[in-house]
Ligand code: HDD
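The data below hold one chain only, encoded as structure tokens and taken in the form predicted alone.
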Amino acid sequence: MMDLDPVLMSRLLTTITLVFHIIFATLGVGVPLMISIAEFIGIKKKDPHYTMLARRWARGFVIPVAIGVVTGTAIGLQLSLLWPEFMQVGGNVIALPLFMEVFAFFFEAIFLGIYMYTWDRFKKPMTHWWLSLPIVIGGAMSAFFITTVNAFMNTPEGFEIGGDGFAAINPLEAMFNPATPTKVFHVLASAYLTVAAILAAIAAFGLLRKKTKEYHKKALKLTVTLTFIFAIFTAIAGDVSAKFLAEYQPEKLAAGEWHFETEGNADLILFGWLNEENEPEGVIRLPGLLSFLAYSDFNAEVTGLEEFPEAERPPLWIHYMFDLMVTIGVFLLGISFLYLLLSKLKRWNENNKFMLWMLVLSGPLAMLAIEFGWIYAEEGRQPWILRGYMTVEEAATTSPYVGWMFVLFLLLYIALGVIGAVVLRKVFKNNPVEDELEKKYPTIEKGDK
């Protein structure tokens, strides 16, 4: 490990950290909204099943929040240890959003503690529900601030170049750079979509095991409805993002779509592979659709990859990441729409085994789409760490000990993953929802559980 390239090892360590952390970051953003919605419906309908959903989701939410603290701290540590040149140059520009992200996280965590401690302590249940809103806001603001840092790396603004680096820094202009609106929109929409799909998968699995039928039916109907809603928002965010890329990062769009020559009425390329001459084969071509996605005009001219120096072109394999992300997004939209359609058609049983297994599959697929999307976003910025100003190689540490850091952090993430899974299993297996419903709401008939 000592002899490996420190730049490569720095990239690999950052990759495994982000791949692991993004799971808990996504849950941290999305779960609070689901809890708040479930509790609100439970109060308004006077339905204990929805209230129990909020209780159990909140109880499980504490575990990923705790793990997210560790992985988030690891990211902050690695920014300084692995990318010292980047932090020396750009650290004072991104310091404000990094600080505000920590503040937003603690804001969320404090109100989560208050929310968990105050169940059944108010005469009016709505008083307790109001406490869920700061958790939702804190999660969203945490995502907003950290996403502005990533946006800045893609479209850096808010500074001037001085003799010793960046000067005349305007931190607000740096935060609200051109990439911020589309990236924040996409991050929030996809986080809510992913969490809704994961919770739908859990409910569908519960129905397949024939446990607490009424409880899981209501959970499934709610989460699939939210999956469908946020799948639409995520599709809109993807469309907006494509238009942003066409204007500000055309090389990323061109690499992701294997669009080599500048031309109008450009085809959207799906799937396929590249031959030895880097020519697409086995692809599905949708005539003019890339031009439409980029500029809302089927005849618009889209910049090809040939316009950029070879050293500044992103890797062409990001096309597969884009395809996988979009394919899963379409699957989530389609399966949630089909379930809701079947629920309206009385002749069909929407809770049939095939549909339930498809919904079980949608949970892990949604999280994979998040991972694929971030890989596309980060690799699509290569070779830059700060687009147009600093390459990844220039920013990385030269320390020969990064390999050992990689091993230690990998062991840490494996331990955290195993501990988190074991604790979550204990929390719910030792406290089945049937027993909790009977204990908390004894007036519910057994058949209604």
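Just count from 1 along the sequence shown to find any residue number. A quick note: this is a predicted structure, and the numbers were derived from the prediction, not measured.
Although it is not shown, the form predicted together with the ligand is what the next lines describe.
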Based on heavy atom distances of at most 4.5 Å to the ligand in the predicted complex, which listed stretch, 219-227, 336-344, 120-128, 361-369, is the contact stretch?
361-369
Name the single residue among Val93, Leu245, Ile198, Met355 that comes within 4.5 Å of the ligand in the predicted complex, judging by heavy atoms.
Leu245
Pick from Leu193, Ala204, Ala254, Ala174: which has a non-hydrogen atom within 4.5 Å of the ligand in the predicted complex?
Leu193
Is it true that Val187, Thr234 and Met325 each have at least one non-hydrogen atom within 4.5 Å of the ligand in the predicted complex?
yes
Counting only non-hydrogen atoms and a 4.5 angstroms cut-off, does Ser241 reach the ligand in the predicted complex?
yes
Residue-level contact is defined here as any heavy atom of the residue lying within 4.5 Å of the ligand in the predicted complex; does Leu290 satisfy this criterion?
no
Mark Trp374 yes when one of its heavy atoms lies within 4.5 Å of a heavy atom of the ligand in the predicted complex, and no otherwise.
yes
Gly329 within 4.5 Å of the ligand in the predicted complex, heavy atoms
yes
